[in-house]
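Taking the form predicted on its own, here's one chain by itself in structure tokens.
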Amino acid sequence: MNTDKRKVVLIGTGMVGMSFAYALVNQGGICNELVLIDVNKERANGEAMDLNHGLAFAKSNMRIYAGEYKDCKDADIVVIAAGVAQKEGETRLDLLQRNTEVFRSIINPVVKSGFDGIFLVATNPVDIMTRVTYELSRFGASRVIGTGTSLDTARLRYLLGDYFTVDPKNIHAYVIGEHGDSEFVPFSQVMLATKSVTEILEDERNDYNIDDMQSIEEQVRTSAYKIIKAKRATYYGIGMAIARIVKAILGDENSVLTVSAKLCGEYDSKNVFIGVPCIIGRNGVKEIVELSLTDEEKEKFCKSRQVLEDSFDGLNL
């Protein structure tokens, strides 16, 4: 990976992709070259122009332009945000077959360009699309990452922070499993600073209770559907999540983020790509952080994994 150049290619200039690009420009210093690729080349050109016209107000000094697959050759990261949009009432898994066909037309030309960086997938259903990327690219598992439950985890920390009146940055909690209806929160692992939330809930001196936790978990799980109903799509939050993962990779941060990664025995699972806490650095997934789940939580994880395995098994790659 060429860490001096810090080149990112974005494939798909829809609302998710451009929310990521906008976050990238405004946060500054994450990368210094951004290439936009889209099947609609005119749109990609227009988006590049629009971003360039705002560089005078931005923190970063970036080269932004519309490109082609050959521009992936020396990129550090290829972010895939292309695909058909999720419709109101449609689950992420309903998108699977339609988006698989889109990915066939993307992965091959990227690999043929000579690209040897990291794939970061944001297209839903993200866990399965990340596995599709892995299968089609034949890249090492550590270099194929999905956004997973990173946004769900951010939603969870925001809601828990509001509930406990604590800065979300001091809430240590994760949403794991499928980025979708079977995801769940292992509350046994939730910490407020260094204090277990389970311990806090059991303290009769306060009004906190487990029913509220389950309500928060449900809010996290259904947030996307509510946003889609209100404004037809979600894009700001996931755009910022993508930017955060890219920052962790290019900065070699070794940050713990809940991304979709390939399990190789962790959680008694193999080959499936699923949202779990991972240490993310310059070479992608450095390590999967395996949480100590209760028996009930292990059962939930197993069910979520099975949803993804069943869906992937139906594909014709």
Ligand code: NAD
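Position 1 is the first residue in the sequence shown; the rest follow in order. Predicted model only: the values in this text are computed from it and were never measured.
Omitted here: the form predicted in complex with ligand NAD. The next part is about that form.
None of 99-107, 198-206, 185-193, 212-220 except one has non-hydrogen atoms within 4.5 angstroms of ligand NAD in the predicted complex; the exception is 99-107. Every residue in the set 82, 151 and 179 has a non-hydrogen atom no more than 4.5 Å from ligand NAD in the predicted complex. Put simply, residue 13 is close to ligand NAD in the predicted complex: some heavy atom of it is within 4.5 Å. Residue 234 belongs to the set of residues with a heavy atom inside 4.5 Å of ligand NAD in the predicted complex. Although the partner is absent here, residue 43 lies within 4.5 Å of ligand NAD in the predicted complex, judged by heavy atoms.
For residue 39, a non-hydrogen atom is located within 4.5 Å of ligand NAD in the predicted complex, even though that partner is not displayed. Residue-level contacts in the predicted complex: of 78, 132, 245, 238, one residue has a heavy atom within 4.5 Å of ligand NAD, and it is 238.
Contacts with ligand NAD in the predicted complex, taken as any heavy atom within 4.5 Å, map within 106-140 to 106, 122, 123, 124, 126.
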